[in-house]
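Below you will find one chain, with nothing else, as structure tokens; this is the form predicted alone, and questions on how it binds or moves follow later.
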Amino acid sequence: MQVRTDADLGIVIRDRRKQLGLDQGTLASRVGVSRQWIVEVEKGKPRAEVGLILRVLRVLDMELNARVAGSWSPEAISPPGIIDIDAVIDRAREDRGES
């Protein structure tokens, strides 16, 4: 999933937390924040401290990758050997002038 908004980030964090079978209180305890802070982040809190967000991602065994918008290469969006078919289709549409 591309993360473009605070709400997108909250969704990613919530989905991963649930995937790992963690409740909000347990995640909060592991990160060192309050349960309410986790609730707010999962709702897309716009002013969450970056350092704490990075700590949440580490606890959830996630990493943050960034690339320049509009740049495209399989390596920029996927680990070696894995092709993101959505990106390939999007690029093909751009090449043909479709939107």
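Heads up: residue numbers just count along the shown sequence, starting at 1. All figures in this text were calculated on a predicted structure; none of them were measured in a lab.
A second form of this protein, the form predicted together with the DNA, is not displayed here; the remarks below concern that form.
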Partner contact for residue 23 in the predicted complex: the DNA, 4.5 angstroms, heavy atom: yes
Interface membership of residue 30, the DNA in the predicted complex, 4.5 Å heavy atom rule: no
Can residue 54 be called a contact residue for the DNA in the predicted complex at 4.5 Å between heavy atoms? no
Answer with yes or no whether residue 65 is in contact with the DNA in the predicted complex, where contact means some heavy atom within 4.5 Å. no
14, 35 and 39: each with a heavy atom within 4.5 Å of the DNA in the predicted complex? yes
